[in-house]
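Read the single chain below, which is given as structure tokens and is the form predicted on its own.
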Amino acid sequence: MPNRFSDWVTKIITVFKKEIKSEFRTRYAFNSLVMFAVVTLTVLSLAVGQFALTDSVKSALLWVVLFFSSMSGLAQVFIKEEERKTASILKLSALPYHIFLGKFFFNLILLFILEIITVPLFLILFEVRVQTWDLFLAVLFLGSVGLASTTTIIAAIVSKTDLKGTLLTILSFPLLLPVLGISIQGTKVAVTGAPFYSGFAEVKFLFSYIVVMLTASLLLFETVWME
């Protein structure tokens, strides 16, 4: 059993490293994420800067930026395999579970890097003062994991279609609507200064969503990938 687990981890890390090396060569996904986020933040700050926004609106704007930014780049993990005709080679090199988890962790790291740049910039531009940092970071982390898990499996599905970019947003939004709604609510609670336990229901929901989505993705991915 330990040897089997070690082999799983090794294969997942191998797929993850492959994605990192590929991204370093092109930087397409990272540049798409960052440029979209920065442009969106700049436009929003100019458009609403003269208005006094409530904490609810600011929380919603943060997750709107993260959602649409992720749609612009996270799908590339599967789309590039189809465009470069390397999907067949990858199918022979690793099991579907290794491939999905390797690409999921890559998307998650990419999203975290985006947030390291975007979130501080958002807090400055919109003058957001977070009062309960532990809750804010917990919601941000869990919301990001939920976002990455859903986007990864949907990206695998749309990579085999002609309308890849359009379909990703259309198919992802209904599945991500609960995550976005709860993340917005949890962020608002953290900004208003309520204690951590006030947002525990949101944290618990996001954790449950991640477990369900990752389980469903692992069960469905082999069928999607091997078609």
Partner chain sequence: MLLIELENISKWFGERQVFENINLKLESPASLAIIGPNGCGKTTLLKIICGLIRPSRGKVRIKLDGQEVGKEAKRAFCSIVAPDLELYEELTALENLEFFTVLRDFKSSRAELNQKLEQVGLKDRGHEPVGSYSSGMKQRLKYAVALSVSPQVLILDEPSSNLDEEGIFLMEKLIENQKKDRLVILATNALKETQYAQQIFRLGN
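Everything numeric in this text was worked out from a predicted model, so none of it was measured. Numbering follows the first chain given and starts at 1.
Not pictured, yet referred to below: the form predicted together with the partner chain.
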Interface membership of residue 93, the partner chain in the predicted bound form, 4.5 Å heavy atom rule: yes
Any non-hydrogen atom of residue 14 within 4.5 angstroms of the partner chain in the predicted bound form: yes
Touches the partner chain in the predicted bound form: residue 105 (any heavy atom, 4.5 Å): no
The partner chain contact at residue 131 in the predicted bound form, heavy atom, 4.5 Å: no
Partner-facing stretch of 132-140, 147-155, 118-126, 76-84, counted where any non-hydrogen atom is within 4.5 angstroms of the partner chain in the predicted bound form: 76-84
